[in-house]
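Here we start with a single chain on its own, the form predicted alone, put down as structure tokens.
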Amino acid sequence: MQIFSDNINTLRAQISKWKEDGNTIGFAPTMGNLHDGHLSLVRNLKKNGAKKIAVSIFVNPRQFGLSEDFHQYPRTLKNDMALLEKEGVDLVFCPEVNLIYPSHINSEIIIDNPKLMNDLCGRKRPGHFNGVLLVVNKLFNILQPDIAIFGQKDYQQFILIKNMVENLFIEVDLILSPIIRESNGLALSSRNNYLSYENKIMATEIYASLVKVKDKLDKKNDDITQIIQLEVDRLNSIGFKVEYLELRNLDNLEVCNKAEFEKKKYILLIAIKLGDTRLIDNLIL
């Protein structure tokens, strides 16, 4: 496994050599503190034809708000490297902040999608998705992957990246990787580490709540707003702070007030706070 941290030209030369040899390059961007959800991205890249796997580990400061957890975000680089080597990853890119955001460059490109960026998670995290698209664009330009993979848990992020790729004519195929859950249904997330033992047990209600709403909607009850509001009220009453629970169109995240339920046409998305920890999840209908 090759590790690059400070020399983009050498990294690019290695990628180019692999491509000249006929290898398909698969890429999984991460912020580290890896768990089985991240490792499933590597496995799914291989299943989708990637012959060489590159993973980035970079805690991106541009996607954290002033009051968010950039400095507290868990950094476990040594353990991450061991996990990636065990999975057969070929290349790890773990740059310092000043390599991705050079101090001598005073201007910054903004990739914007105001309508979707300010919706759902964007309501509480202004500027977050601008930071996500900026760093993903930089990583795509550095690594030039043939395939890039993203987890379903961050579905709004995936749709924004997909839109960016289409609009900027970036030559990369995108893959959406399914959510990996604990046995109790809780979606794997690095931020689960912030939860107390009691709150981690309570957090299993998040996925259970999505399933409950799905079951009600499957009965073709067209009063979507009432079904969802009742569940929001229930979650708030047992100690959650629900930021949103919404049914959206799977393709573009447009609002759905009425729906004709067909397989994999809609998605239920939720964001909640449990104590000081913000968690998200979703369920494709």
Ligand code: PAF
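From 1 onward, residues are counted along the sequence shown. Note that this is a predicted model, so its numbers are computed, not measured.
Just so you know, the form predicted together with the named molecule exists too; it's not on screen, but the next bit is about it.
Under a 4.5 angstroms non-hydrogen atom cutoff, the named molecule in the model of the complex lacks A148 among its neighbouring residues. Contact check for N113: every heavy atom lies farther than 4.5 Å from the named molecule in the model of the complex.
In the model of the complex, the named molecule lies within 4.5 Å of some heavy atom of V135. The named molecule is not shown here, but in the model of the complex it comes within 4.5 Å of a heavy atom of T30. Residues with any non-hydrogen atom within 4.5 angstroms of the named molecule in the model of the complex fall in just one of 42 to 50, 243 to 251, 225 to 233, 57 to 65: 57 to 65. Site annotation in the model of the complex: the residue of Q157, N130, S177, Q144 reaching within 4.5 Å of the named molecule with a heavy atom is Q157.
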